[in-house]
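One chain comes next, on its own, written as structure tokens: the form predicted on its own.
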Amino acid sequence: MTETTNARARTLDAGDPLARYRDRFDVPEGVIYLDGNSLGCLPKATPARLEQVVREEWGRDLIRSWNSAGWVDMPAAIGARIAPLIGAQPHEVIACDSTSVNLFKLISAALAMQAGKHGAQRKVVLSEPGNFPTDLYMIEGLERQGLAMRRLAGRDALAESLDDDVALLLLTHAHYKTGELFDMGALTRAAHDAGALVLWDLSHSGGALPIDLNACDADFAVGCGYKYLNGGPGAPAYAFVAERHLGKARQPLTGWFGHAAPFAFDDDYAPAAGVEQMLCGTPPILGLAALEVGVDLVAEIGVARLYEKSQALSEFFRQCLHERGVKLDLVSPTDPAQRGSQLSFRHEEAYAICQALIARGVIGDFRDPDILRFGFAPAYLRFEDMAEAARHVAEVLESGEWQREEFRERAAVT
């Protein structure tokens, strides 16, 4: 950092009301972690919570913990804690399964609702090209079963593509590559005006940006537990079903935990009346316990405060890059109000540059074919980190350090 940049970073960190929360996370020494939009840092309280579950609830109390420790209620209880973070009511959210599985369940449920209402011909699921792959793959899988028809339209053409054949509009709130945000309220209204339902994927915005599903009149939503909610690798995801659809949206994975009375052991399936119907198999208690810690910490800090700081961090990072003469093609919106908590840059050697930075302890990530992506998780990032990261970026580019052979070898996870 230059002395001027040093001074500015110190001043900003000194006045940061969230600075004290960094100590609530296990941030490795010497690491600037700019990948919290892909896997959040470990909250320091998580290992103790997991040890309690393993040693006491599982190890000592064994199966009794389904009742005594409330295991059986954890999906709904944690869903209720996530609800205010996304503008939902507690009984509209359930923590369960993965984002992909929840997408399948809710796409299927929406299509079934629309077929009964509008006739079998309305089964088009509209999305955009370049949406997160699992969203598109799930539509494609249902299409192979003859249950859906996939239609893709560019961002500027989505509203005009909402014709009488569209059953469901499926979009990701913050684009995973660029961070560009959709106007959730406007597109939901447009879809409803056309007779379509709407499913929002909040994986790259939930817990990082202010979201109000109820104010937008959203029908369904899914979200990820291991990114901004810091639930750990493979953490359970969550599903939202608007109150007006509870009891009407019938998901296809009729597992026993979604039954109205799982322990009645009936031969025939009867769905639970509420959002619990979105459950399928036995809940993953260890994953839910870890997610609970992350969710509670985000709720304590407050999404509005996190968003305010994330905007400030990303803008300061851009300023530091500019002051060091770094010329990278920004593909994220320049207006921080129009993007999620990330900045993405295009460079033909983005993968190698990313690996060179990781070797220096600046951990971002790469998205094929040419995107260098930095995520800003403001609960544990400092302005000093932004200035230092910009220095490393400048040095890697100026020195050509990224050209080393080991930085060009593709790993399985990028």
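Don't overthink the numbering: it's just position in the shown sequence, from 1. From a predicted model like this one, the values you see are computed outputs, not experimental measurements.
The form predicted together with a small molecule is left out here; the points below concern that form.
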Exercise for the section: Considering only heavy atoms, tell me if residue 219 and the small molecule come within 4.5 Å of each other in the predicted bound form. Expected result: no
Exercise for the section: Indicate whether residue 123 is a 4.5 Å heavy atom neighbour of the small molecule in the predicted bound form. Expected result: no
Problem - Contact flag, residue 316 vs the small molecule in the predicted bound form, heavy atom cut 4.5 Å - result: no
Problem - Partner proximity in the predicted bound form: residue 78 to the small molecule, non-hydrogen atom cutoff 4.5 Å - result: no
Problem - Contacting member of 188, 277, 344, 172, with respect to the small molecule in the predicted bound form [4.5 Å, heavy atom] - result: 172
Problem - Partner-contacting position among 178, 214, 134, 311 - heavy atom within 4.5 Å of the small molecule in the predicted bound form - result: 134
Exercise for the section: Determine which one of 254 to 262, 318 to 326, 289 to 297, 195 to 203 lies within 4.5 Å of the small molecule in the predicted bound form, judging by heavy atom distances; exactly one does. Expected result: 195 to 203
